[in-house]
Ligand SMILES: Cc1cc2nc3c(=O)[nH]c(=O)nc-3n(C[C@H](O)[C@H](O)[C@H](O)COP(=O)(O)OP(=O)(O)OC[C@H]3O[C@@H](n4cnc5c(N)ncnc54)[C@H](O)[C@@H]3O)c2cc1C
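Just one chain is shown here, as C-alpha cells, and it is the form predicted alone.
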Amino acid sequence: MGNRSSRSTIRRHPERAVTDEAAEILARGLVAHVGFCEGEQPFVIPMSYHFDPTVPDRLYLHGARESRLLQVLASGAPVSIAVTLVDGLVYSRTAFNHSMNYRSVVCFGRARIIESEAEQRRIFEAMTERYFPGRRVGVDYQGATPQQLAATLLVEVEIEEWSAKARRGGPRGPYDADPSAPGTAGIVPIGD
C-alpha cells in the first residue's frame, strides 16, 4: 500500500489521517461497505469480510455465486471498500458542532476468485475465528460441505492503496468549553 494517488488522499481534515492504524481498523471491523459499478450504476453493499493484519494487502469477501457484487468483482473490476469503527457520539452546545468519534479505512483494489477448496476452507475457518473467537471447526460447528463451498464464491481483494482517518476528542463548538453557556456538551461512548 505504498502507492498513493488522489483517490486515497484525505482532503477534508488531512490532520486526521491515521494511515498507520489502517490494518488495526480493518482487523477490528465487522462490516465492510463494498462499492462497485455495474455499467453506469454505482452500488454499495454491506458485507462481512475477512482481514488478517499479518497479510495487510488482502481482504476477503464471500457470498452466493449468483451475487451481482461478487460477479462484478470476479471480473477484475475496481472496488472500493470502507470499514468504520464508531467510538462515540459527540454532542455540542451548538447544532453545527455535533459530531462523531470514529476510525475508518477506505481501500481500493481488484479481486480474484479463490478456487482452491483447501484455501477456501482455511479462509472461512479464519473468518469464523475472527468473528467468533475460540470456535473450532469439528468441535463447535460443522465445516462447510463440498456442496456449500461450490455454491459460495470467495474473492480475494488485493488492496492497491488505502487511507485511514480518525476523529477523537470532545465537542469543539465555540461555547463547549464554557460551563456557563446554555445547553450541554459531551460524548456518548460507543463500543469498548
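Residue numbers run from 1 along the displayed sequence. Model, not experiment: these values are computed from the prediction.
Only in words, not in the display: the form predicted together with the ligand, which the text now covers.
- In the model of the complex, no residue of the candidate spot (R16, G29 and L85) has a heavy atom lying within 4.5 Å of the ligand.
- Although the partner is absent here, R68 lies within 4.5 Å of the ligand in the model of the complex, judged by heavy atoms.
- Contact between R167 and the ligand in the model of the complex is not found at the 4.5 Å heavy atom cutoff.
- Using a 4.5 angstroms threshold between heavy atoms, Y141 stays clear of the ligand in the model of the complex.
- The shortest heavy atom separation between F132 and the ligand in the model of the complex exceeds 4.5 Å.
- None of I45, L149, A126, V137 but one reaches within 4.5 angstroms of the ligand in the model of the complex through a heavy atom, and that residue is I45.
- Annotated contact segment (heavy atom within 4.5 Å of the ligand in the model of the complex): 37 to 45, selected among 51 to 59, 157 to 165, 141 to 149, 37 to 45.
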